[in-house]
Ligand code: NAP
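Only one chain is given next, in structure tokens, and it is the form predicted alone.
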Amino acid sequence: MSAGVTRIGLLGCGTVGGAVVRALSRNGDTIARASGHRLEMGPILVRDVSRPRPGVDPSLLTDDPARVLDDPGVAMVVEVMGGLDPALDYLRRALEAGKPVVTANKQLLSREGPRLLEIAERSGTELRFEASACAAIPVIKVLRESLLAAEIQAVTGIVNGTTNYMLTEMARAGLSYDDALAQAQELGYAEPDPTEDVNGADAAAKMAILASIAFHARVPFDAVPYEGIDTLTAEDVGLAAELGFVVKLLGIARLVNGSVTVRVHPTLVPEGHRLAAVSGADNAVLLESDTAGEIMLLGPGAGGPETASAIVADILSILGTHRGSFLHNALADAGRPVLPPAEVTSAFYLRLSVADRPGVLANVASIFGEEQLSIRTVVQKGEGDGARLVLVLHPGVEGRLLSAVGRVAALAEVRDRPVVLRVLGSGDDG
């Protein structure tokens, strides 16, 4: 039986787009035999048609979006250009024309996903976005299909390879933040402008998408508070190790009394926890369900070939899915509210720089007691006329913790702004 030809229009042809073109060319015969569809690359939208791109036929390049979006011979559109504008308009146009869309654009999906999926539903077509979260790791497919009825209770992930590599090297080799970043950039793990990686915005966008699917909720990017590792010091990484923890930038999404909480922040992970062993630039997502138990997905979370593999998988899923099936309605809304950050419960690590005089620890402990927070561990290290106080607190409500930290910071004996990190494994956040 001969395979039918399906032409793919491509928006963007950078690292990921070029990898998609090469993957379709290299694996075309295998795809045709397995799926009954021969995928043919159609027009490719780029900014500069004169720039050569290895493995890409220059006759396919265009700087006119209409050649991709309005060509009746283009059966499906793949978007890898990134950003919100003009990507949102291009995807809207494609979906309204009834063309299925595959995108790797996490920032767009985390902000406009529900709107785009509603357009797809009205047009009777598909929107797929596996590559928007963890590249080659099929976590979205698992949540959408394999665990659809499993009632997920928590999604905990290392979803940014740049920061995981940096934290691994800060712990392993004692590198400073700046040295770890420079090394990550030299190896290609970090972009020349790493802002969205190191400040947590990249991970927050991915967690907004994963939480929306896992909990059948509407979790926009703006509802995900995030902190990055850009203020983290090698000192805190070392102190965490002394206390038996590994520092990771985690995205944590949970159901708490019928509400959804989603957050991204540096977190102390117990050394024996399975996420503590995820090193280098790898990503990992731990799914917790009352019916399926714990399932961890691990693998490369970035890179051209890795992201391209997820895009091609989405293309094939669309070709093999009956239009109008439940699969296109990935963000069905169950009406669950988002829990205010101040009401989330967690355990905490605090580092204080204080004057070394009698009564300081008692004053600090008194404030935490008044805020109904109890101290689990205290480590004190003298530094001339000063001291470092490191405290690990039992689980408590974040609003009370922030109130306590503000009061502690105002004490005359406290010399610098307190450093606060969350601890995984205790409370609603762990």
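Position 1 is the first residue in the sequence shown; the rest follow in order. Quick caveat: nothing in here was measured; it's all calculated off a predicted structure.
The next section is about a form of this same protein that is not shown, the form predicted together with the ligand.
Novice: Within 4.5 Å, heavy atoms only: does Glu383 come near the ligand in the predicted complex?
Specialist: Looking in the predicted complex, residue contacts with the ligand do not include Glu383, since no heavy atom lies within 4.5 Å.
Novice: So in the predicted complex, does any heavy atom of Gly299 sit within 4.5 Å of the ligand?
Specialist: Answer no; every heavy atom of Gly299 is more than 4.5 Å from the ligand in the predicted complex.
Novice: Taking any heavy atom pair closer than or equal to 4.5 Å as contact, tell me whether Val16 reaches the ligand in the predicted complex.
Specialist: Close contact exists here: in the predicted complex, Val16 approaches the ligand to within 4.5 Å, heavy atoms only.
Novice: When the contact criterion is heavy atoms within 4.5 Å, does Arg128 count as touching the ligand in the predicted complex?
Specialist: So Arg128 does not count as contacting the ligand.
Novice: Which listed residue (Ala94, Val80, Ile229, Val219) meets the criterion of a heavy atom within 4.5 Å of the ligand in the predicted complex?
Specialist: None of the other options qualify; the answer is Val80.
Novice: Just one of Arg38, Arg53, His394, Arg67 has a heavy atom within 4.5 angstroms of the ligand in the predicted complex, so which one?
Specialist: Spelling it out, the residue with a heavy atom inside the cut-off is Arg53.
Novice: Given a 4.5 Å cut-off on heavy atoms, tell me which of 397-405, 361-369, 42-50, 27-35 is the interface stretch with the ligand in the predicted complex.
Specialist: After filtering at 4.5 Å, what remains is 42-50.
Novice: Using a 4.5 Å cut-off on heavy atoms, which residues of 180-196 contact the ligand in the predicted complex?
Specialist: Contacting residues: Gly188, Tyr189, Ala190, Glu191, Pro192.
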